[in-house]
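Listed next as structure tokens is one chain, alone, in the form predicted on its own.
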Amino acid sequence: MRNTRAPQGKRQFRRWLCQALLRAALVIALVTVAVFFLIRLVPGDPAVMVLGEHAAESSIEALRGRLGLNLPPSQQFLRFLQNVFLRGDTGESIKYGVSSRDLVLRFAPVTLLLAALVSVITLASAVLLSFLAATHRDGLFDQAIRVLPAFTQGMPVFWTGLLFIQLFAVKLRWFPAGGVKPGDPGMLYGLILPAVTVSFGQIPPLVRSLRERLLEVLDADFVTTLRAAKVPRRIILFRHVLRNAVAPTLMLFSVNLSYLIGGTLVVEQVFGVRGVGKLLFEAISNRDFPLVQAVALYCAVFIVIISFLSDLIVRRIDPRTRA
């Protein structure tokens, strides 16, 4: 008789997938509630903040009606949920007079490209430095890699950006000082220095985590067996050691993803990059709270999606996490 039951591995994956999707949906729901209420907990009337204290009362009431601020908080929240989950609409920008969703999507490609560059530079540098440190254990290079992060990780990202602009843009003239906009021909080249700035603070914890894990795997019995079998060193390191050591580092990277996105938004302001971060700071300066809501919500959804994909990759490359 033919067995129609799904294999144990597939059942485990389906159960994990359902749990992961449920967690992601719960996080997005909580973020949606927090984004709505935290902005409204700020003291003051948003309409007065936008128009000014000396604006006519009729203008203030008209803006309140346009933004739905004259409704009870419960009705405002229900309208917000309907617009977000049924129409994908996060409200109309007060300053620009267009959909905040369209504004975020217009500037998102620059920010996504910057975040991708940061991720590539961070992971590539962490793997390279960790390999050099682990394969030269207790040597001069290993000591330097273990000591330097204590200084670099404590530097604020905006301060690092200003130093890099002064050194690499003003003095050496290797990179532009900033001003990257969507559609610029040299956009990728112009984002290298901002990406390095964000990576500067993200690399140290990954290097420490991956180095410790590499040392554990290098001392494992199966590595000794592979060496005794005369397996080439590069195959041992990259096919066996790295695969067994990289999973915790990827999990740490996904946990630190919110800091990476936050650093990206700050660096956009420092380098004058016309991305979502620049848009967010302008929205805060102009008290454009629908636009602030939109940026916060879309960034949270992006972080949840990337974290889910990171967990999926870790589960794929490390069978021990499937238990």
Partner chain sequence: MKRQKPARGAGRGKRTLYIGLAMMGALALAALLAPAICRYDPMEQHLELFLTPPCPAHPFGTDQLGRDMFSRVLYAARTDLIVMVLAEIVPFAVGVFLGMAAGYFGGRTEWIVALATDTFIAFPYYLLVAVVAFLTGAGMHGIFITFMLVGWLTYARVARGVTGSLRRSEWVESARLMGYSHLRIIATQIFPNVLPQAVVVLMTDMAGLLVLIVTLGYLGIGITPPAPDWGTMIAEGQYVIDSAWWLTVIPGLMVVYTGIGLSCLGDGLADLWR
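So that the term is clear: the rigid core is the largest set of C-alpha atoms that superpose within 1.5 Å between two forms. All values derive from a computational prediction rather than experimental measurement. Residue numbers count along the first chain shown, from 1.
The following text describes the form predicted in complex with its partner chain, which does not appear among the structures shown.
In the predicted bound form, the one of 71, 235, 170, 144 near its partner chain [non-hydrogen atom within 4.5 angstroms]: Contact residue from the list: 170.
Identify, from the list 85, 174, 189, 158, the residue with a heavy atom within 4.5 Å of its partner chain in the predicted bound form. The option sitting close enough to the partner is 158.
So in the predicted bound form, are 255, 263 and 285 all sitting within 4.5 Å of its partner chain, heavy atoms only? Answer is yes for this spot.
Name the stretch: of 112-120, 216-224, 125-133, 94-102, exactly one has residues whose heavy atoms fall within 4.5 Å of its partner chain in the predicted bound form. Result for this chain: 216-224.
Touches its partner chain in the predicted bound form: residue 137 (any heavy atom, 4.5 Å): Judged by the heavy-atom cut-off of 4.5 Å, residue 137 is in contact with its partner chain in the predicted bound form.
How about residue 231: is it within 4.5 Å of its partner chain in the predicted bound form, going by heavy atoms? Because no heavy atom of residue 231 falls inside 4.5 Å of its partner chain in the predicted bound form, the answer is no.
Even though its partner chain is not shown here, does residue 35 get within 4.5 Å of it in the predicted bound form, heavy atoms only? Residue 35 belongs to the contact set for its partner chain.
Even though its partner chain is not shown here, does residue 208 get within 4.5 Å of it in the predicted bound form, heavy atoms only? Yes, residue 208 lies within 4.5 Å of its partner chain in the predicted bound form.
Take the rigid core as the frame of reference and indicate whether the C-alpha of residue 284 shifts by 2 Å or more between the shown form and the other one. It does, since the residue 284 C-alpha is displaced 2 Å or more between the shown form and the other one after the core fit.
Does residue 26 show a Cα shift reaching 2 Å between the shown form and the other one after rigid-core superposition? Result for residue 26: no, shift under 2 Å.
Out of closer and farther, which fits the Cα atoms of residue 172 and residue 262 in the predicted bound form compared with this form, where the change is 3 Å or more? Farther: residue 172 and residue 262 separate by 3 Å or more in the predicted bound form.
So the CA-CA distance for residue 173 and residue 263 moves by at least 3 angstroms in the predicted bound form. Closer or farther than here? It is farther: the C-alpha separation of residue 173 and residue 263 rises by at least 3 Å in the predicted bound form.
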